[in-house]
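Just the one chain here, laid out as structure tokens, in the form predicted on its own.
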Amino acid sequence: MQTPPLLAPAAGLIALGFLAGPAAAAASEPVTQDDPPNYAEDVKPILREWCFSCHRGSRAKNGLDLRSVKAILAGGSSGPAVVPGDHGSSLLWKLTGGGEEPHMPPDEDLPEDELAVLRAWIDAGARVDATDEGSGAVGVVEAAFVPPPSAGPAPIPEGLSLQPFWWSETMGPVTAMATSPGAPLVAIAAHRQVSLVRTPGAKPVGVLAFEEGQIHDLSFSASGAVLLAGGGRGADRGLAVGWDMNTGARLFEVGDEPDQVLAAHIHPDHGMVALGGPDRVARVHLTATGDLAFELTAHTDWITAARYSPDGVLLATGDRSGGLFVWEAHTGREFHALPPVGARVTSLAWRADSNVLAVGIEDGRVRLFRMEDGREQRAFQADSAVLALDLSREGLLLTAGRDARGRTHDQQGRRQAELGAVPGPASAVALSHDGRHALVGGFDGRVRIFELASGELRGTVRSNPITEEQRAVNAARAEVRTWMAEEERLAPLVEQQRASLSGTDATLAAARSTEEERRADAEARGVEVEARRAARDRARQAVRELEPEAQGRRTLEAERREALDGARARLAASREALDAALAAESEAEAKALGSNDADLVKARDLARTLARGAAAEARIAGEELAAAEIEALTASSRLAAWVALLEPRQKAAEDASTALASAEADLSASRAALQEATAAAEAARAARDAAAATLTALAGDLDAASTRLAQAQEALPAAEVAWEEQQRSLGERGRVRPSGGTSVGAASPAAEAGASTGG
């Protein structure tokens, strides 16, 4: 994005002592016939130093423009300035070295060696460059630039050197910044160079040289294939440079302004570049040849902003007094003279459809103009002074300025988000290609990358990139700090782990002791169970030995009781028969008493006989009962005696069984306790092994960290010496390497590792 021109003096202050451009050393080299001078390499530096202040562009006195061979041959009001092959007939020579009046430059003489170069150049045919054969006829010029195709993704160059061309300890304001429209790439202006950085991680991509002075405007082409920088040196020279973003190579240079370029933009088809600055004239150059296509002369003050519309149809320009014009891009005809905005136009941005132009103004307002009729569509206050703005494809406006913070707005002017503050005013802004991040450049020389969704800071980038030597020092110091911190972190962890290992050793020893105790207890209980089982078996054997006799006595006793019951039953029956016989006898005697009836007497005698018989049977039954009772009593006595002998043995067998069951239960519990103790011992052993492994790993990490720290400490002095030597070699000029040259020394692995830190 472009940056207000008033930043140029401030930016120049920090480069104090660094502003001297490449001297015209070539002019002082001996001129030989084998190496005739040419305009581009030998003559132009001389004319720029002595003549361009009066003879170029709109300041060309007498119409004589000395910025190209074609213009020199065309001449001014006095005719051609050079006759190729004849210095004596050339007006340029007559007024500089031929002694004719008016002498040029006034009141000064060109050094003899530079006059020799000028004379030799004219006599050799006024060659344009080293490829020109010296005919002096400036006809068809080979294309300086072939526009790349717009198809495909926006490129990011690879393999560029990270070594800056210029370096200083202090950083000035971020004078310009731009993001690629289709790639995570941001270009940041620094003193005489452009720093390319990947977003949002702030990883350096490379550095591009801009030896011509300070950059005031940066922009990518619509395809992202070309990066354009406009700038120069105040009151000396201004131009625009384009780089190929596929390779990082310089594609073209256009313009030779009498003052620095403050605004520059490339047409979407890559065919034209518009320039503007303190000269108050906007000039459009063709990129293919560098030729001037046309000039736009409506402005009355410094041109501070210029932007082509996305469709390539229009070109908008704004100036320091608030003048604002829109032109037809390909013809230069005025399309709209927009209403003056009353304060310096600091920045311009087009809506994606090319129908609305957003204007950032130093009074803090953003004004939107319709291209349909050139009228103002809307205006709103965005800052105390808007110094930069950007407009996304989705219509989100990003502004920043003297309020020292970026803000986003919709196209109705409603504020959407407010980003974190930056130190001092914010001088440049840009939205990332995907619209997810906002980049804000400040007067402190740093670009801060904010995430739009959260407003959080995601990275910071130096506008002035550090050298590889300083990057190597930073990386080496960071390496030392990293491994020192790692060593400090690991040392107490190792001690803690050693203490932990001692604890696990004690736990393992206790677990093993408990396991042995449980095993001994289980073995003792196993022995006890076997003894109980043997005692039970012996008791059971004793019972088994007495049981048959007891069973026989039980059987005999049962038989005797059964016989006793039979005797009792027979006695009862004989008694009943006796009672019946006695009753019959009494009845017969009663009937025969006092009677002489023979039948009654016979009946009485029979009854008496029967009674005696019944008495005899009763007597026998009684005797059998008595005998049965004696036998039953005897059997019972003998059984009771054997049972008395058997019962203690049965009781002993039952007690032995109970004791065995108890012992077996104790054995089961003891074995369970042994299993638990074994599991606890295994767990303690595993914990101890894990603790030992952790200690080994930590000790290894600590040893590795100590080794890396020692290596980093050993490498740091060499990096610091290299950086100190480079600082001494920089002196006051600050040049790190010649333009287009290689870096000073190869980057070390440490330097590459530190590249992403941005210093």
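The structure presented is a predicted model; accordingly, all values stated were derived computationally and were not measured. Definition used throughout: the rigid core is the maximal C-alpha set that superposes within 1.5 Å between two forms. In case it trips you up, residue 1 is the first one in the sequence shown, and so on.
Just so it is clear, the following notes concern the form predicted together with a small molecule, a form of the same protein that is not shown.
Contact with the small molecule in the model of the complex, defined as a heavy atom within 4.5 Å, holds for exactly one of L95, L556, A550, A343, namely L95. Of the residues given (L66, A691, A712, A719), L66 alone sits with a heavy atom within 4.5 Å of the small molecule in the model of the complex. Annotated contact segment (heavy atom within 4.5 Å of the small molecule in the model of the complex): 85 to 93, selected among 85 to 93, 364 to 372, 613 to 621, 208 to 216.
Residue contact check for T131: none of its heavy atoms lie within 4.5 Å of the small molecule in the model of the complex. Taking the partner from elsewhere, C54 is found to have a heavy atom lying within 4.5 Å of the small molecule in the model of the complex.
Contact check for S637: every heavy atom lies farther than 4.5 Å from the small molecule in the model of the complex.
Not displayed here, the small molecule is kept clear of Y39 by more than 4.5 Å at the level of heavy atoms in the model of the complex. In the core-superposed comparison between this form and the one not shown, the C-alpha atom of D256 has shifted by less than 2 angstroms.
Once the cores line up, the CA of I72 ends up 2 angstroms or more apart between this form and the one not shown.
Once both forms are fitted on their rigid core, the CA atom of L91 lies 2 Å or more apart between this form and the one not shown. Put simply, V43 and A274 spread apart in the model of the complex: their C-alpha atoms are 3 Å or more farther than in the form shown.
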